[in-house]
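First, one chain by itself: the form predicted on its own, in structure tokens.
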């Protein structure tokens, strides 16, 4: 849980760097102004960029501790693998962050850096879920899903469209794409996530593990639409000719990114809980003779 919360703080710090156009305020990597340990004067964009790097270093140390601790204490093999997967992800994230500096903020690398950050956040969140006392000790209430498409399919579709939206938004923020694909795809995201949440709430409202993330996801979708509209107004419409980012632009954009991370994590949690509590009833696809031997 500490790592998940710290990673969320790291995402906010990264969004502050981008929103304040501070990506190259520290022009070298892995050093900062030629030093690995000295803290430079935190003025201008340097305070955003260097603070972001320091928060990222702590996230890396926390991930190392988590991976080693999980490997030594966790009995579930797949959880040990997930712990090392988190470590590999944070290492890749650090390398991508360095490449964005060394190659002067290329949009594809910067966008991959943003997408992988939220992927790592989701990994930290699911590790917190899987190691929680409730997950380990509870006997899951199972109700098989016979609808088509299944709710689990809808949750996977929700995660997919959110990732597409994440990449489109990152490409727009890093000046690699126009704003309109991001805005148009927001309609698709809203429809898919609303469909998924409404299905979960109408069919499985009696299962708390499914109902709660569905409510959170639907609430975040509504909030994200409002924040996206505000960010569009402040950055694209009102702040088009601004010499540097103004405070309303920064606040709206950073909040939009932060809520987007929470939205993706809630969709992942919903998918996991649906997989556990409302699995697809594959036996319904078998021929009648196989389901009922007496009918043969």
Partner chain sequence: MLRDKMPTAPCTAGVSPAVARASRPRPNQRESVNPQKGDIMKKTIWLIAVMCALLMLAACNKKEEAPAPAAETPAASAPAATPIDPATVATVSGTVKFDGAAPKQAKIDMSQDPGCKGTNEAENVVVTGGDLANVFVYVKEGLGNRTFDVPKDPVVLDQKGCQYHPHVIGVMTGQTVQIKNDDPTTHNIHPTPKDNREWNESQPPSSPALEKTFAREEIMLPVKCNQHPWMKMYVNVVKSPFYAVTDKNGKYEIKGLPPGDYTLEFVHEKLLPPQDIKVTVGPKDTKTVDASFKGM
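In this text, all values refer to a predicted model and were calculated from it rather than measured experimentally. Numbering follows the first chain given and starts at 1.
There is also a form predicted together with its partner chain; it is not shown, and the following applies to it.
Undergrad: Taking the partner as it appears in the model of the complex, which of 83-91, 156-164, 212-220, 189-197 has residues with heavy atoms within 4.5 Å of its partner chain?
TA: Stretch with heavy atoms near the partner: 83-91.
Undergrad: Answer with yes or no whether residue 10 is in contact with its partner chain in the model of the complex, where contact means some heavy atom within 4.5 Å.
TA: No - in the model of the complex, heavy atoms of residue 10 and its partner chain never come within 4.5 Å of each other.
Undergrad: Contact between residue 135 and its partner chain in the model of the complex at 4.5 Å, heavy atoms?
TA: Close contact exists here: in the model of the complex, residue 135 approaches its partner chain to within 4.5 Å, heavy atoms only.
Undergrad: Taking any heavy atom pair closer than or equal to 4.5 Å as contact, tell me whether residue 45 reaches its partner chain in the model of the complex.
TA: Flag for residue 45 set to yes.
Undergrad: If you check in the model of the complex, is residue 238 within 4.5 Å of its partner chain, heavy atoms only?
TA: No, residue 238 stays farther than 4.5 Å from its partner chain in the model of the complex.
Undergrad: Under the 4.5 Å heavy atom criterion, name the residues of 20-35 that approach its partner chain in the model of the complex, in sequence order.
TA: Sequence-ordered list: 20, 21, 22, 24, 25, 27, 28, 29, 30, 33, 34.
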